[in-house]
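Starting off, we have a lone chain in the form predicted alone, written out as C-alpha cells.
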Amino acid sequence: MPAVLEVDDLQVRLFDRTGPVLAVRGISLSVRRGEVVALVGESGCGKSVTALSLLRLLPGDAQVTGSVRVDGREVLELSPAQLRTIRGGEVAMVFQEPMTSLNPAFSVGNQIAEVLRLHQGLRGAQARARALELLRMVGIGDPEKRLRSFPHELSGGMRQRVMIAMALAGEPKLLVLDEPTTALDVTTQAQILDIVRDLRSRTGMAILLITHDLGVVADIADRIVVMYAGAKVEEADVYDLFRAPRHPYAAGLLGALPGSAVARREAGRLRLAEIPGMVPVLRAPLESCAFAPRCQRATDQCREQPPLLTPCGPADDHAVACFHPEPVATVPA
C-alpha cells in the first residue's frame, strides 16, 4: 500500500541567541493509509520539530532540507496558496494544549464552520449539520449546546475533542497528533485514544502520533520510531520493539516503565531503570554516536564515528543505529 506521508532525510536547523541548533538530523519515515506510526523520545529529541516541519509551521529563519511528500506532493516546494490547501485539508494537526490553538473570541461552532467553509465549501445549515455530526463523532454530549460554547467554558478533555473534530472537518488523509493526551487525566486519555482508534477504523486515515508516553504507544500504534538528539535510532513493529529493543536508548525508555523486566527491588522498594545524563543540544554535525556519553555499551568505535541505521533481526522492518545492537528483554511479551 502506498504511503500517505513520506519523509526522506529531513534536516532542520533552528537558531537561538547562541547560534544554530541541529534540531532534526536526517529523519526518514513513512505512514501508510490506516496505519498509526508513533514518534517517541524524551523532551528535546526533535519530535515536535519534525511534526511542525511537515506543515512548514517552524519559525521563518528555520533552515529545512530534505523531502516531505503528502500523497506524492512535495510540501517543502509548495507556494503559500498551495500550502493553505494542504493545512487542515490533506493534513490536520492536533496540538498538545488546545487552549493555545482554539480562538477564545469565537464559539466552537464558528471555528468548526470556518474549517468546513475553507476545505469543504459548506455554509449555513449544511455547515451546522456537519459540525453537529463531527461533535457526536468525537463523543461530545449535547452538541447543540457545545456549538454555542466558547473554549474557556469547556474542560480540557472536551477542548481536545473539539480540536479533533476540527481536524476531521477537512477530511484529512493524514492526522498528526502532537502529545494529544499529555495534559489529561488517565480516564480522559483513555477516552481520547478510543476516539482515535475508532476514527482510524472508520475513515482509514493515516496517523502520526508524537508522544513520550509509551503506554499510549502500546495501546494504539502499529509501528514505532525512536528519536534521540534529532535522529532516528530505532524503528520497528510495536510488538517487536516492546518485546526486545536493540538500541540501548530504546531499551532505557522501555526499562523505565513500571513492570519492566529491568526494574529491580532495592531495600524492599521497586526501583525503575534510569538513563543518566541529558539529551545534548547539537550545534554542529557529530563525529561520534550522540548517545555514547550516556551509554553503558559505548566503545572507542562509538566515540569515533556515528553509527548508520541498518536492518537487524529477521524482520526487514526493524532497523537500528548502533554498533552493538543487543536485544534486551524489557517488558513481559
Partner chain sequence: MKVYVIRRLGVSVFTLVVASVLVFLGIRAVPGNPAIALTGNANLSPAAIAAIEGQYGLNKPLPVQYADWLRQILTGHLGSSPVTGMPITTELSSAFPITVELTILAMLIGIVIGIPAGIIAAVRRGKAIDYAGNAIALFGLSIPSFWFGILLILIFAVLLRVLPASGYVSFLSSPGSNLSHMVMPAFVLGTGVAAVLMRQMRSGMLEALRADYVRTARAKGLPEPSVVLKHALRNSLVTVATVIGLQLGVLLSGVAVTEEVFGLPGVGDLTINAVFQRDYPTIQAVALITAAAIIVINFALDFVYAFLSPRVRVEGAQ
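Numbering follows the first chain given and starts at 1. Predicted model, so just to flag it, every value in this text is computed and none were measured.
We do not show the form predicted together with the partner chain, though everything after this point is about it.
Asks: How about residue 103: is it within 4.5 Å of the partner chain in the predicted complex, going by heavy atoms?
Replies: Answer yes; at least one heavy atom of residue 103 falls within 4.5 Å of the partner chain in the predicted complex.
Asks: Is residue 143 close to the partner chain in the predicted complex, meaning a heavy atom pair under 4.5 Å apart or at it?
Replies: Taking the distances in the predicted complex, the answer for residue 143 is no, it never comes within 4.5 Å of the partner chain.
Asks: Even though the partner isn't displayed, in the predicted complex is residue 87 close enough to the partner chain, meaning a heavy atom within 4.5 Å?
Replies: Answer yes; at least one heavy atom of residue 87 falls within 4.5 Å of the partner chain in the predicted complex.
Asks: In the predicted complex, is there a heavy atom of the partner chain that lies within 4.5 Å of any heavy atom of residue 119, even though the partner is absent here?
Replies: Answer yes; at least one heavy atom of residue 119 falls within 4.5 Å of the partner chain in the predicted complex.
Asks: Looking at 298, 282, 62, 57 here, can you tell me which has any non-hydrogen atom within 4.5 angstroms of the partner chain in the predicted complex?
Replies: Flagged contact: 57.
Asks: Please tell me which of 224, 174, 166, 158 lies within 4.5 Å of the partner chain in the predicted complex, judged by heavy atoms.
Replies: Result of the distance check: 166.
Asks: Each of 240, 291 and 309 near the partner chain in the predicted complex, meaning some heavy atom within 4.5 Å?
Replies: No, the candidate spot makes no contact with the partner chain.
Asks: Would you point out which of 127-135, 108-116, 224-232, 67-75 contains residues with a non-hydrogen atom within 4.5 Å of the partner chain in the predicted complex?
Replies: That would be stretch 108-116.
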